[in-house]
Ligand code: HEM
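The form predicted on its own is given below as one chain in structure tokens.
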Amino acid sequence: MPRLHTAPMSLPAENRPPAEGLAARLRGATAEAHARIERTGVIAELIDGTISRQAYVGLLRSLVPVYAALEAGLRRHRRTPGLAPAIFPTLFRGRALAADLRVLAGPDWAVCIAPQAESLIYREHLHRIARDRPPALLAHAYVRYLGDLSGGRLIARTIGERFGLTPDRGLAFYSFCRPDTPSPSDFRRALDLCPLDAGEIALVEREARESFERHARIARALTAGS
């Protein structure tokens, strides 16, 4: 039987993914928000090395529900085509956070230290988007994991010197030891492989800006309470 040759079907213009990759678009879409949060509350103190031990413990504690919800959503969608290329369980930070909090605050940290209310609100938001708008999870993965991979080494050195911590005692959050852990460039390439249409990409861009704002709310709340 002769082979039939047909012209490829074109997507409507509003559904075509743009030529620029998702990672580059997210970087551009969040540049202002990224610069702003680096000057906000305990995040600024973390970066410049002036954060108090109490504030640092409060920050880690408030990240626990955020990572728990994000990673539950990513596990749920690990086979969803639009997300699967950028889901790396080796990046998950939940266990590492718990390990560091045991060192810094004792075995009863989960009972003795309450997370900031803003982090619980953030957790519920992540649960909602995992249910209703799964591609939006990529925005929060971008903000968290790329930051952990890119800036984590410098922060670990600063925090380690300030509080007398070592990679195997109190700095697990910043330690990516497994050989199959993606580098920052690997993670960016994986984001670009996610088959999203233009509408979904716009959603992820909006959600990434929202992620930075939610982190800023946590940072301001922790600063006010310190």
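In this text, residue numbers run from 1 along the sequence as written. Predicted model only: the values in this text are computed from it and were never measured.
Just so you know, the form predicted in complex with protoporphyrin IX containing FE (HEM) exists too; it's not on screen, but the next bit is about it.
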Leu46: touches protoporphyrin IX containing FE (HEM) in the model of the complex, heavy atom cutoff 4.5 angstroms: yes
Contact label in the model of the complex: Arg144 to protoporphyrin IX containing FE (HEM), heavy atom within 4.5 Å: yes
Residue contact check: Leu154 to protoporphyrin IX containing FE (HEM) in the model of the complex, 4.5 Å heavy atom: yes
Distance check, Arg188 to protoporphyrin IX containing FE (HEM) in the model of the complex, heavy atom within 4.5 Å: yes
Interface segment, criterion being heavy atoms within 4.5 Å of protoporphyrin IX containing FE (HEM) in the model of the complex, picked from 160-168, 46-54, 175-183, 196-204: 46-54
